[in-house]
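One chain comes next, on its own, written out as structure tokens in the form predicted alone.
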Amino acid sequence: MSTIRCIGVCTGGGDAPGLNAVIRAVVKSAFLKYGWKVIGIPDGFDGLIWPERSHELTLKDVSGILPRGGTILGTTNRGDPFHYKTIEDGHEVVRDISDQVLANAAKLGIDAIISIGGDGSMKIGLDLYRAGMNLVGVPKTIDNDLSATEVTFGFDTALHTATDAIDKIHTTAESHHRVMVVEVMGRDAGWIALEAGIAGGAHIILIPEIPFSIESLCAHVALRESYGKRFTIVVVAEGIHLPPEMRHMSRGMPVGNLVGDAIALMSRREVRVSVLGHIQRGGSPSPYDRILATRFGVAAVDLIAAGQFGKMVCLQQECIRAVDIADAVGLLKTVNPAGELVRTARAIGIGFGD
């Protein structure tokens, strides 16, 4: 029989549509199914450094948050209790205060914690689990690059946002006969760029997994012109690797601007650049993300009830399963350059700059 009476929940890393849906599912299933108390831990694990900031989450607190973007608990991508940075005597000092975090969780009466986050948050959660914390993970990233799960919540909403932007840019590019560059998120993997590019009718897609050259980009623009097409849409993932001839241009500018400047210089075409940035993280989660986030939240609570700590919920073959966090972190799911999606894109004339 479970000895759990109170659990904590926190959100770490970059925000993503669907975080509130997970929190809501955790609170509702914990209370309604198991009769547990739930403590909301603000700003990732920082809320356990200052435990007075943590507070109980009731059914009333999560009422109406299902369609809301962001997270009612707040988040941070810099909170690591194993490498906590402080300023002492004017100098930055890095300390391991994980013991303090564990002690504060015990003082709050928390028997187990659900950590919602990406690869970085999962690594911290794994270390806390190994240090003695009863912890379960829920994967989150709009980049969809965690290898242990087929899909992460937030990705579908970000994909809709990016596709909608490309749709809108498409019409103005065609009207003005311009090359339009759209930079989307994707630090290590090109899933958003690839899928939004296909869905939005892009003509060139640049992703971290496929090397490119400006010559090839301009050749593709010229090829389209030979077909009578006087405009081109280029979708760029933020994590692309610049070719040698462009690396001297990097001055902290968004890569979309660098690509746009290079195309304009070499092809002597009029180019405009749109960097979508954090707009992809915001907004109401899509129905798919709301449902997936809810399934993850309920499954995480069930794992705690079963005493399955050190696990992360995931989606595999359309079913919710659990894997060891240790097997889930540090392994990114990247686009296969020879995979079916890339082959499909090439078959309909999309170029990758290679």
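Don't overthink the numbering: it's just position in the shown sequence, from 1. Given the structure is predicted, the values throughout are model-derived calculations rather than measurements.
Below: the form predicted in complex with a small molecule, not depicted.
For the residues D80, E195, E209, E238, the 4.5 Å heavy atom test against the small molecule in the predicted bound form is passed only by E238. Proximity to the small molecule in the predicted bound form, taken as a non-hydrogen atom within 4.5 angstroms, holds for one residue of I205, I142, A162, V181, which is I142. Among residues of the shown chain, H170 is not one whose heavy atoms approach the small molecule to within 4.5 Å in the predicted bound form.
Not displayed here, the small molecule is approached by M185 to within 4.5 Å at the level of heavy atoms in the predicted bound form.
A residue is said to contact a partner when one of its heavy atoms sits within 4.5 Å of a partner heavy atom; R281 meets this definition for the small molecule in the predicted bound form.
The stretch that touches the small molecule in the predicted bound form, counting heavy atoms within 4.5 Å, is 186-194, out of 186-194, 257-265, 84-92, 121-129.
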